[in-house]
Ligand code: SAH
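One chain is shown next in structure tokens, namely the form predicted on its own.
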């Protein structure tokens, strides 16, 4: 380890920056954010530094650097383009035992600046020891994408209650207590922006038991939309939830690639169709979520597409609400937008479609659901029909009978956004025959409207070579069990 990682408290401490240009400005800005007392030595200052001096944020010593300038300072940075000055700053600082950084010259540094993820009071510093600052910044950007801004509020809550918790809870149980707070319903309230409510809940928990026992064993349920299949379409919030989950309850439409984003030691419970098994009834799925949450687990209910678009998410959270189980919902890219985009079919278009309608084509007792078909025949709109493959012939005929021209463009998108995607384009009259001949399987999405014709010119996803696009599954899946077994 070339550099020892350490965080310095430089609030109000005198720090010197040598140089008055843009590089010096960046270092001054970092020091000012850390509330240091900053002085700049330079013959001149750029406009931004001049403005900081005018506002009293920094002090300026006009002139060239000399070793005497270091008197009284506890940290020094040289940010000039003059090698002789930089060497002189380094030599003078080392002789006086003052930490020194010479920008972009690791050999002249006794400390370096890491790339920082700032979620104050939570800070994450990333460094390559000067080997590749660009790589450190790339890692920082990934951490910033993963870490919500609200984590700073979570750290603030912990700071606020640190002493009360120490007074109420025995050391042997303190760590488990904080893990429950930060990962449970109180922490979720903070991440949802309900800081005051989270503080009240934590205060009530401490007051409820003077011995500071433990929080009630109630976990948390997160309904997560997995999107249409491509794991890269998962939202950042969805990826975080999958990495934090103790248990993931998933259905048939969740692809193996997406399951690979789940934390390795998390339990996986399948509640969809499997060979020789029936779908677990919705009521039993609801009770499963309740039972797992009451065991104190963080549960992710992972659903294909979006939980609130033909995903029965509303039914599940109604049950959770009735049972007092805390939950949140993370939307997903629904199949309509995801599959249509990958097929090069815009759902709306100024010239062709000014509205879009989502429908379920699921059959009930051998008949399509009770749609007002006459309203679905108008021009200037796009129809997107979920779960319609089984009833494709009947759906197309119903639309024709209601007044749609038989030659209205229609498409069928199989396993959209994945490396197995196939798109059939035809008309209401011939699409069922095409689908039968091509042996199209589920999941498949039906799109009806003039926008379908744009597929021929706007189709960008090369379905013939989709396996080269980086979405193909690799490696074995972690072990999981089928709840229906």
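Positions refer to the first chain, counted from 1. Quick caveat, the model's predicted, so the values are computed rather than measured.
One more form of this protein, predicted in complex with this ligand, exists but is not displayed; see below.
Scanning 249, 345, 335, 242 against this ligand in the model of the complex with a 4.5 Å heavy atom cut-off leaves one residue, 335. Among the residues 309, 75, 198, 108, the one placing a heavy atom within 4.5 Å of this ligand in the model of the complex is 309. Annotated contacts: 304, 413 and 416 all touch this ligand in the model of the complex [non-hydrogen atom within 4.5 angstroms]. Contact check for residue 41: every heavy atom lies farther than 4.5 Å from this ligand in the model of the complex. This ligand is not shown here, but in the model of the complex it comes within 4.5 Å of a heavy atom of residue 253.
Although the partner is absent here, residue 426 lies well away from this ligand in the model of the complex, with no heavy atom inside 4.5 Å. For residue 320, no non-hydrogen atom is located within 4.5 Å of this ligand in the model of the complex, even though that partner is not displayed. Heavy atoms within 4.5 Å of this ligand in the model of the complex map, among the stretches 451-459, 438-446, 59-67, 28-36, onto 438-446 alone.
Taking this ligand as positioned in the model of the complex, none of the residues of 1-17 brings a heavy atom within 4.5 Å of it.
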